[in-house]
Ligand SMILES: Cc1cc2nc3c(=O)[nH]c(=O)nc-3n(C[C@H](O)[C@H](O)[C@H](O)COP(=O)(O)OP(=O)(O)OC[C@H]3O[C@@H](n4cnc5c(N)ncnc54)[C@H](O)[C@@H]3O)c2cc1C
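The chain that follows stands alone, in the form predicted alone, written as structure tokens.
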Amino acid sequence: MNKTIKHLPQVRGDYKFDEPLKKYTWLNVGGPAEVMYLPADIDDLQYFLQNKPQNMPAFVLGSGSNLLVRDGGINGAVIKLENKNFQQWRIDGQKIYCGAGMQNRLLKQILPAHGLGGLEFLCSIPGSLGGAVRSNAGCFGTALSDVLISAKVMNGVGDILQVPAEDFHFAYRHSEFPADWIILELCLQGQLAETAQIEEKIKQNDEYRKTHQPQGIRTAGSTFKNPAGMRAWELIKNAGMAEVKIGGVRMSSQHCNFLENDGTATASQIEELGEKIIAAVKQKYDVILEWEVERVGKDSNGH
């Protein structure tokens, strides 16, 4: 155990050392976290940030649904808000306040029960609500930026801020989100709707995903962002990269903008395939695909 770890503050939450991160990501690859910290609540998280070694970086891990952790793992602290204290929700009129650790899929029960529409698209986005902010997650023509009123965040030194949505300067699958901020709670704007109408919209969205996107596999959702006016999957297919395989990873035969890990792939193989696809599309169309999957950590050589 190195000197930095020995100087970790005494918290009420839990520490795990050299914790394998592959079991926390949908792609099921990646090396260990030097330290994984599971805070007990907001006060515990604040105390940790205010008292951890100054040179220790911190990374917040959500549900790992759109994340590629490299084979060398992540130095410093990996923070995971899995305690139920980060998963609370409440409704105030047509607004819903959701803890950052709450899973999007839980909205499938909450929204119809309270006649709150306009947020059905979030139900089918894999992952937790906190993770949706950084990437401005969206589908079916609606993005988080369309419904976010404000977010409660904690910065890298433990200060708690209430940030209005416009301060994130959202764009397509992008926000200007400081790297050291941690989402604590979102305030979302809904609208009154009939229960049956909400349930039907959720059902339609689910059926569309089941029909058009791979299910029950090790994937991370859309691999690349759609360039303006184009579809990434069409570019990949027409560049001849839809069926290319490296080790245990290939693009899905159902949707070739989805990576599939057959269970034997490494993070480096996944990243290598992605870069080959980017190069092929650049050569054919002079268009540079951007990763939508977030890549973090160091490779097996420590870089």
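Here the structure is a predicted model, which means the values were calculated and not measured. Residue indices: 1-based, along the sequence shown.
What comes next is about the form predicted in complex with the ligand, which does not appear here.
For the three residues 202, 226 and 233, a heavy atom within 4.5 Å of the ligand turns up in the predicted complex in no case. This chain appears without its partner; in the predicted complex, the one residue of 188, 198, 123, 220 with a heavy atom within 4.5 Å of the ligand is 220. Among the residues 46, 252, 65, 266, the one placing a heavy atom within 4.5 Å of the ligand in the predicted complex is 65. In the predicted complex, at least one heavy atom of residue 60 sits within 4.5 Å of the ligand.
Contact check for residue 114: no non-hydrogen atom falls within 4.5 Å of the ligand in the predicted complex. Using a 4.5 angstroms threshold between heavy atoms, residue 290 stays clear of the ligand in the predicted complex. None of the heavy atoms of residue 193 is located within 4.5 Å of the ligand in the predicted complex.
Residues with any non-hydrogen atom within 4.5 angstroms of the ligand in the predicted complex fall in just one of 137 to 145, 88 to 96, 158 to 166, 106 to 114: 137 to 145. Taking the ligand as positioned in the predicted complex, the residues of 177 to 211 that bring a heavy atom within 4.5 Å of it are, in sequence order, 177, 181, 182, 183, 209.
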